[in-house]
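Before any questions on how it binds or moves, here is one chain, the form predicted alone, in structure tokens.
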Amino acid sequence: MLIKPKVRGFICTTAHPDGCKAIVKEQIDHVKAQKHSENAPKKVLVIGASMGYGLATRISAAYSGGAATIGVIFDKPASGARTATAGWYNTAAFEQFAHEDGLYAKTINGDAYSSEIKKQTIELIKNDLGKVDCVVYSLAAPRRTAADGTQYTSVLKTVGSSYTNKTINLKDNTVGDITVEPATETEIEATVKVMGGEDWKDWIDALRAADAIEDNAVTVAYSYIGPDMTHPMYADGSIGKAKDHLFETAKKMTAEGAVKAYISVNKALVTQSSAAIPIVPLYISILYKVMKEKGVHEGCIEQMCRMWNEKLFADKAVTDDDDRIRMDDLEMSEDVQAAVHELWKDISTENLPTHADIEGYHTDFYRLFGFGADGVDYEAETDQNVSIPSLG
């Protein structure tokens, strides 16, 4: 079939298998070309491994240290004329390349919050690897069904009071004000349940109980802080409350002594999650312009490869005073933020092309779904039916 992008809201409902494969290959080639840490782990579990930071971490683990990787994803194969999800195609491509390069790579597909998927994953670890020495937690789901059957849905809202600032309508690239209303206490609690550290710790506890994780293994989860203009929507909003819980969970797990848990504070990038947050896409498009002009822009794979080799698994983990890995170090540098704030002050629909890299934003968005890859003929008929080797 001829596959074209179809966008609804903040997601693309189609994905291109050849494009996804080409982009995964680009990321693998980047990691292969970098200097690698000698301390990298050899048996890695990545929870949320099919897109964005999770996929980039799995690629970095496999191609930096030759790690055997197990990925947990929640994706759909093609069905009739409907394409598979981008995460499905990404995972199929990664496994194919990894196997060709002699690397162990298998995948579990299902709801990572569920006890069933935890059990399946642990069984695979025990059978194939014995124990893992690193666990990466990279879930960014909008809802969660807890072990007792309660369903929780996260919200993208402020806390305490409403907040008005500039945002962009990505459908027509118009800039205007948006007012975001505060979350209720119930909504905040639900967001913490979905995006906080409870499930991360459940995974570590389950692995420990099954003797499927090495003593003193490393585990890392991802967060974001960002500049003042995004704080009401992120760092101080409902998501921020969840990320605070994630941070406290890391400290708690480390204090228990069985694992060393880190939070990596990453750079703002175009992901399925960030595209849905008011104000943030406009900030990202300005940030892209500034960081590209200064020659310090990084995408997911550059971030995660640097995190893996130069920060997390350096001779000693490189952290801030709160024991967090700061991958946002380039984004939050004084010169970058000063330039972003100067552009933010008078950005409008009319000057958007000169004040922001909106083209780069849209390019990265479509690349999430396999569109815009070099060397791919998007006018050619493509077989949407692709299998993930380990899933049959």
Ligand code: NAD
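Throughout, we count residues from 1 along the sequence that is shown. Everything quoted here is computed from the prediction, not taken from an experiment.
Only in words, not in the display: the form predicted together with the ligand, which the text now covers.
D101 within 4.5 Å of the ligand in the predicted bound form, heavy atoms: D101: no contact with the ligand in the predicted bound form.
Close approach of L269 to the ligand in the predicted bound form, 4.5 Å, heavy atom: Looking in the predicted bound form, residue contacts with the ligand include L269, since a heavy atom lies within 4.5 Å.
Quick one: is Y262 in contact with the ligand in the predicted bound form, heavy atoms, 4.5 Å cut-off? Although the ligand is absent here, Y262 would stay clear of it in the predicted bound form, with no heavy atoms inside 4.5 Å.
Does the ligand come within 4.5 Å of any heavy atom of Y163 in the predicted bound form? Because no heavy atom of Y163 falls inside 4.5 Å of the ligand in the predicted bound form, the answer is no.
At 4.5 Å between heavy atoms, only one of the stretches 183 to 191, 306 to 314, 148 to 156, 272 to 280 reaches the ligand in the predicted bound form; which one is it? So the stretch in question is 272 to 280.
Go through A140, A212, A258, M229 and name the one with a heavy atom inside 4.5 Å of the ligand in the predicted bound form. Going through each option in turn, the one that passes is A140.
Which listed residue (A92, I73, M233, M253) meets the criterion of a heavy atom within 4.5 Å of the ligand in the predicted bound form? Only one listed residue qualifies here, and that residue is I73.
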